[in-house]
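What follows is one chain in structure tokens, specifically the form predicted on its own.
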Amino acid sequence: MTQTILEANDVCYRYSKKSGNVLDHVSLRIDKGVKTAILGANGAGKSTLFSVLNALYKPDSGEVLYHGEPLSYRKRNILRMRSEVSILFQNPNDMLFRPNVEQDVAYGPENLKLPREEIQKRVDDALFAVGMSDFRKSPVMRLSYGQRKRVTLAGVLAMHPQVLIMDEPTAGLDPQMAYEVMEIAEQLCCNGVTVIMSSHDTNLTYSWADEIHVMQNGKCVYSGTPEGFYSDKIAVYQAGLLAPSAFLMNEGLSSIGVVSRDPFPRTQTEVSAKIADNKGGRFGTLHIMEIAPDSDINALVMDHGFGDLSTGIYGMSARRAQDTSKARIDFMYNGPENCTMKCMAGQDSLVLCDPVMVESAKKSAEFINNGGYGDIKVDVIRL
């Protein structure tokens, strides 16, 4: 049974009495553990909605519920709620409070009055997660825009939130870091954090989200599965959006009879599997090896005879171990997808994987197998 964690009921908000509603009778629910994307063109109301959900703004009418209870806007109650619900703003300059990187990331945990050792561990882990460990002593204002975004993400991660709201987290980042951010979001979900994300990159959100809410002119015009929305071309156009590449390719190929419309592929690997339809071909084995942060990857790979396999990495504990072991990695980004593609070509491959990410790493292989597009054996090697 799903549990609603955040809910907006008929919410209206405007910035001044003379302006119109920025949020116009918005109603939507965010369920615990459901990967949720908020989509819409610039000015649709996404950022304002996030500020209302995080109690930064109080609705002019309607209400916001957290765990089924209406939000109280008393200072003590708001501080308690924000210790559990964190928001990552689109502009990193709105979230930098201290002069150097390490101090800024420690700001939130320090306000929680955590022990010094716990604060240091959280800072170390968060900076490693966003690839900024080498910049811990750097002045924040000397960093590039993308680096500042990484630092603000680290600051949010260091809070260990139960709910994380991310406003355009990949905007201004290079493509590799965008994949890293999506991997971090997936890991948070696997660890029980409810993640809500807005993004203009429909390709990234389509491969990730379980449910979407679409904002248009301050109204929520759609709530449901991504496929339900993208199947309505007029609604997509009116919302100022474009359908994801994987969805469009599947629609085009199904319209000319090359593939069936269902099941809907979410990634390039899944689209490729439907097109190839190589039922009688040879497929490789996808080996998924659980990796602890202190694992000796080189020794584990050699002990299992995997030294010649194409290798990808996925998840924070595996990345920690790789940083220590300096093991050879072929796919530092989007590891499970790239390794699954190797299996489609008849080659065995290896994913070095955080234990909580195993089910996520198997998704495309399961799509291929369950859809009858191939037979990729999945070998999970437990710690």
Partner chain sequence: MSNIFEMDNVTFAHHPTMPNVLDGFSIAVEEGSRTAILGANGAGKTTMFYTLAGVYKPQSGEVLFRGEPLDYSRDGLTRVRSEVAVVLQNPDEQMFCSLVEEDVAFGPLNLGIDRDEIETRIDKALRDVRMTEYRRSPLQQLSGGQRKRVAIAGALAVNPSVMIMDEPTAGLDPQASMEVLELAEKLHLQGVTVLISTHDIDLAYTWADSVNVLRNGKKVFSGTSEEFYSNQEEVHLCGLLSPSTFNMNREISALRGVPESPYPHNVSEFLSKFGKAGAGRVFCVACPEDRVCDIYDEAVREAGSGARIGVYGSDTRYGLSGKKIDYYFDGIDSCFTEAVLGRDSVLFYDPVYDPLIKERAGALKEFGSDIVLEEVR
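Residue numbers count along the first chain shown, from 1. In this text, all values refer to a predicted model and were calculated from it rather than measured experimentally.
Missing here is the form predicted together with its partner chain; even so, the following discussion is about that form.
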Check each of Met159, Val236, Leu96, Leu309 and return the one that places a heavy atom within 4.5 angstroms of its partner chain in the model of the complex.
Val236
In the model of the complex, the residue from Leu241, Leu143, Val181, Cys189 that sits within 4.5 Å of its partner chain by heavy atoms
Leu241
is_contact(Tyr333, its partner chain) in the model of the complex, heavy atom dist at most 4.5 Å:
yes
Using the partner position in the model of the complex, report whether Asp174 sits within 4.5 Å of its partner chain, counting heavy atoms only.
yes
Examine Ala327 and determine whether its closest non-hydrogen atom to its partner chain in the model of the complex is within 4.5 angstroms.
no
Please determine whether Met341 contacts its partner chain in the model of the complex, using a 4.5 Å cut-off between heavy atoms.
yes
Looking at 214-222, 76-84, 243-251, 122-130, which lies within 4.5 angstroms of its partner chain in the model of the complex, counting heavy atoms?
243-251
